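Let's start with one chain on its own, the form predicted on its own, as structure tokens.
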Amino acid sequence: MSATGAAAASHILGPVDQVPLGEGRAFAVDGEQVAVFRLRDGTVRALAAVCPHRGGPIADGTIDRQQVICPLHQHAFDLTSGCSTTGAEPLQAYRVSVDGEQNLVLETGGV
């Protein structure tokens, strides 16, 4: 259980290949939109999918190894922490991994 009392939960999002290298995709998880990114080195990251500035689609943003840039107004967010590097409110960061069967596994609550 986390400090807020929420138990951690694992969600299998499906095959990692549904997120092309160097891109992001949005998934609905427990009523929330989560953007999952697959970096060019094959690692994965996950953040809340809606920009706090004006609701931009974070999964459609441009990524590099460290940040994603919102496609609407160019706010940048760290892919690991969700912290903005341009002054916007931070995004929720999630733990995400690839299991032995090559499925994306997202951890919610208790993170």
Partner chain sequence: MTSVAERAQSRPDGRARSRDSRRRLVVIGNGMAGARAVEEILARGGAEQFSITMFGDEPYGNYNRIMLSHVLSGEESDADIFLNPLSWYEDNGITLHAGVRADRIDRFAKHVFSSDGRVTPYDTLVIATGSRPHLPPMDGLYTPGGSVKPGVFGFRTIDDTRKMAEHARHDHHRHAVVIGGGLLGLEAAAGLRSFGLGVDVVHSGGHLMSAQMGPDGGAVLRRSVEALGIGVLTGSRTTAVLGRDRVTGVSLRDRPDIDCDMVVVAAGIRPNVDLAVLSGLPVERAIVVDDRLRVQDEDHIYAVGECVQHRGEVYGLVAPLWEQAVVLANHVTGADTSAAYLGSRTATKLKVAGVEVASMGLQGPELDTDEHIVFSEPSRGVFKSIVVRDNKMVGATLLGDSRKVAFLTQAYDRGLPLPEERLGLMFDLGTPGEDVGVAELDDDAQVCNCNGVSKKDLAAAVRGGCASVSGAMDATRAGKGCGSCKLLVKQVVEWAADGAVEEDPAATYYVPGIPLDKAALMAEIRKRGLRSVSAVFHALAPGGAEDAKSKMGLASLLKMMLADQYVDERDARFINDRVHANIQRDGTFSVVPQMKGGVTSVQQLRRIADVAEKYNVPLIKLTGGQRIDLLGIPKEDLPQVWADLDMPSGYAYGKSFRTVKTCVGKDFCRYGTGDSTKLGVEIESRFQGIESPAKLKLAVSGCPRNCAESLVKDVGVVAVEGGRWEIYVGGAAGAHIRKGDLLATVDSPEEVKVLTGRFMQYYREHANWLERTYAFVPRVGIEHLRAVIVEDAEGIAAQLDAAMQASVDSYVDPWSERVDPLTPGQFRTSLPLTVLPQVPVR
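Residue numbers count along the first chain shown, from 1. Keep in mind that this is a model prediction, so the values were computed, not measured.
The same protein also has a form predicted in complex with its partner chain, omitted here; what follows describes it.
Interface residue among Gln18, Gln102, Ser10, Ser97 relative to its partner chain in the model of the complex, by the heavy atom within 4.5 Å criterion: Gln18. Residue contact with its partner chain in the model of the complex: Thr43 places no heavy atom within 4.5 Å of it. Not displayed here, its partner chain is approached by Gly22 to within 4.5 Å at the level of heavy atoms in the model of the complex.
Although the partner is absent here, Asp60 sits close enough that one of its heavy atoms falls within 4.5 Å of its partner chain in the model of the complex. Contact annotation: Gln33 falls within 4.5 Å of its partner chain in the model of the complex, judged by heavy atom distances.
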